[in-house]
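Coming up is one lone chain in structure tokens, specifically the form predicted on its own.
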Amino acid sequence: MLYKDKRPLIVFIVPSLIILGIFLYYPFIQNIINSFYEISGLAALGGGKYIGIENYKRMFADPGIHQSLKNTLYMMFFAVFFQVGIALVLALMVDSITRGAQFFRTVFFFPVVISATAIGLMFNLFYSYNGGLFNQILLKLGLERVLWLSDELAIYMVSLPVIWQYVGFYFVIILTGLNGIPQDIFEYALLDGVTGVKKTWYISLPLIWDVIKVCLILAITGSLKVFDLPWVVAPNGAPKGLTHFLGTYMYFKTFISQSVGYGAAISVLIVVLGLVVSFTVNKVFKRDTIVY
């Protein structure tokens, strides 16, 4: 048996566990403790008033939480159908070509490596009422200018750059899965007359189902952590708090409103929702192993 003596491995494992304990588990446990206190301001950490589960009760009646949760559900929907959906279509298209595939890989993945702040500022320029790219296009077409960050359109405009940035991320994952399919399978399928859409539907998609499932889990759970781009495009949930997600609302309550205890409770909610959503998605997309 490889590595019969496990003791030397402890030398490498213990430092990692110590770092995780100090910078991950201890802050998380302390955050749970803070959620049971009324803490006004970061300077009051450790000296707040114990209020039990009042912060959690407050969440049920908070319209801001309801709006943030609704927007987060919207983002989950957008992530599944647009991020993963578009990435899947692009990956299938690039996998079917023999020349220029590397160029498309680079182009589609490029937005992932751009700073979220830079992307947010770029889209702010696109949305500008006077001189913005989108309104300039509308004027050239003889149409009226649009207030892109209005009450009705803001949530969609804030979601757009998030969707655009991470399509390339899932594109690379899916394309890697497609490249891992043995070519012998496609050659046998060709001999049987299985080509085009049938080849994609009956061979490619079933063989990369586990990869697609991973992308779906990452997209759905990642929607719970959305923060940087929405905050840059619409700070403080503008307009009127209608574009808050759970992550931005937690930041707003903790650092802007200085309600640290309540912000801690919201962060616990995000973690719990992440665990529940991950478990649910795994159950929904679980399938029995096919034995050939």
Partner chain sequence: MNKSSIAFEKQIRKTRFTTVISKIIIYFVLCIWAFTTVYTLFWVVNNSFKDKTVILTDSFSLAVKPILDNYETAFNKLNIGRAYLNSFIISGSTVVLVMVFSGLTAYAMTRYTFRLKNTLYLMFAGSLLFPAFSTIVPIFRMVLQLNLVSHPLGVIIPQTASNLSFAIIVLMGFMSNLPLELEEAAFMEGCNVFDIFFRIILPISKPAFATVAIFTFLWSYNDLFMQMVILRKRETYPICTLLNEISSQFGTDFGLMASAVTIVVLPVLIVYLFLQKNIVKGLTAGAIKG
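This one's a predicted model, so the numbers in the text were calculated from it and none came from an experiment. Residue numbers count along the first chain shown, from 1. C-alpha atoms forming the largest set that superposes within 1.5 Å between two forms make up the rigid core.
If you look for the form predicted together with its partner chain, you will not find it shown, but the lines that follow are about it.
Contact annotation for residue 201: none of its heavy atoms lies within 4.5 Å of its partner chain in the model of the complex. Contact annotation for residue 157: none of its heavy atoms lies within 4.5 Å of its partner chain in the model of the complex.
Its partner chain is not drawn, but in the model of the complex it has a heavy atom within 4.5 Å of residue 255. In the model of the complex, its partner chain sits within 4.5 Å of a heavy atom belonging to residue 184. This chain is displayed alone, yet in the model of the complex one of 143, 153, 73, 133 has a heavy atom within 4.5 Å of its partner chain; that residue is 133. If you take 217-232 and check each residue for a heavy atom within 4.5 Å of its partner chain in the model of the complex, you get 217, 218, 221, 224, 225, 227, 231, in sequence order. Core-superposed comparison between the shown form and the other one: CA of residue 27 displaced by 2 Å or more.
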